[in-house]
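Following this are structure 1 and structure 2, which are two forms of one protein chain, each written alone as structure tokens.
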Structure 1
């Protein structure tokens, strides 16, 4: 029976990953760092994470465990902690991880990943003795086959070094832009945070979710990270995407080019976004948006 391993650190994400990993093999075995047994895996090896320890401190013992059990395919989720675990576990196993955008075949294991900011898709045949995969959202279709849910506790000693001083939970809403039918995206064409209200007014009229380019989130922090679109952010497939003050760099477009219709407002008529838009308005958003609210 083919076997895929997963390494997880939280219950919900872990079960979701177990369902995804079933697309890779018949049997799914999990290593759970501090998250207990997974109902959706067939077997979970549970590691009791020490209170206050960072899950990443278990990379080395987890790698040793995977090697001892002869794992040949090991999948991780795409969150920040899982990514670090993936890279470290892979390094201890002497291989490089692959960020998987899609799975072409499992035997041989052939996967796709984005390259050059999404300008191209690379198809990789994994040749390493152990395939370490980071499954990006949507990379595989999750299975609804139930897992066996067996649990086997294992001992692991964390590597000393990092000390968690505190965790500040992030307030605010959980958004799922992937479900939105209409999305309004804002970019650096907005000069001040308060000006986003102009876009909010349009979004309200259209019944649209508000999203942004990466600099609006990671650069100036005007919007939460889950609202930025692109190669490293969310990928959406709405009926309409309205890009306002966004230049249309490939890294951004990759997240939105599955929209049925793309509309753009930009004051630079040579902005690359117009090459990818169905309907474009060349103009100053500060003039066009109030007029658009009136017209809608």
Structure 2
């Protein structure tokens, strides 16, 4: 039976990673630092985090544990803390981490990753003795196979260094675009922030999440960064992606081109988005959207 390992520090995120890791192997074993047992893993090795110790302080003992147990495929989530931990664990194992945009095959292990700032996709066969993978959002389709949920406590001593003295809730909006089955994206085709209500009405009728291109978030600040799609934002794989007033530059398409169906609405018939879209409407969004709401 093939086996994949995951290293987690958050219960909800850990269970999500366990479901994703089943795309890599039949059995999923987790190392959980301060997060407890995972219902969606077959076995969780639980490490009780010491008060004030950072997750990264466990990189060396976690790497030693992985080596002792013979782990050959180790996956991490794509959040900031997991990426930091992945890099440190990989260094202790004497290998480099790989950011994974997709999995081509597991035997041999062949993955895709974004290259040149998202302008290209590279395909790599991983031949290192231990494959340390950082799974980008939407890189694999989560499994619905239930884990065995077994738990085994293990001892680990954190490396001395920085000490956590305070935690604060993260500001901004909490949204998981990668889990959405339908997504409506808005771009600079909208003349005013208030006009986004037209897109919200469409999203409500479709039961979709509202997202945006980078200029809407970082340029004019009409929407939070959590809803930005693109090479440095979220990557999605919905059943339907509706792009409204988005030209479709490559930096944006990197985040949405895995959608099963892409529908574009743009008044510029030469907009790049139409080259990627399955269906396109050339027209003024201020006329198309009200008609679309009525039709839905």
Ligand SMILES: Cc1cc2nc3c(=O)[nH]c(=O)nc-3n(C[C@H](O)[C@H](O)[C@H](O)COP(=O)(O)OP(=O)(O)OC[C@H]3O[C@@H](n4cnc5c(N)ncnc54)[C@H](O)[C@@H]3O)c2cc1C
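The shown structure was predicted, so the numbers you read here are calculated from the model rather than taken from an experiment. Positions refer to the first chain, counted from 1. Rigid core: the largest C-alpha set superposing within 1.5 Å between the two forms.
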I need to confirm something. Of structure 1 and structure 2, which is the form predicted in complex with the ligand?
1
At a 2 Å cut-off on C-alpha positions, does residue 213 qualify as shifted between the two structures after fitting the rigid core?
yes
Does residue 236 shift between the two structures by 2 angstroms or more at the C-alpha, the core having been superposed?
yes
Please say whether, between the two structures, the C-alpha of residue 195 moves by 2 Å or more once the core is aligned.
yes
Could the core-superposed CA displacement of residue 223 between the two structures be given in angstrom, to one decimal?
6.2
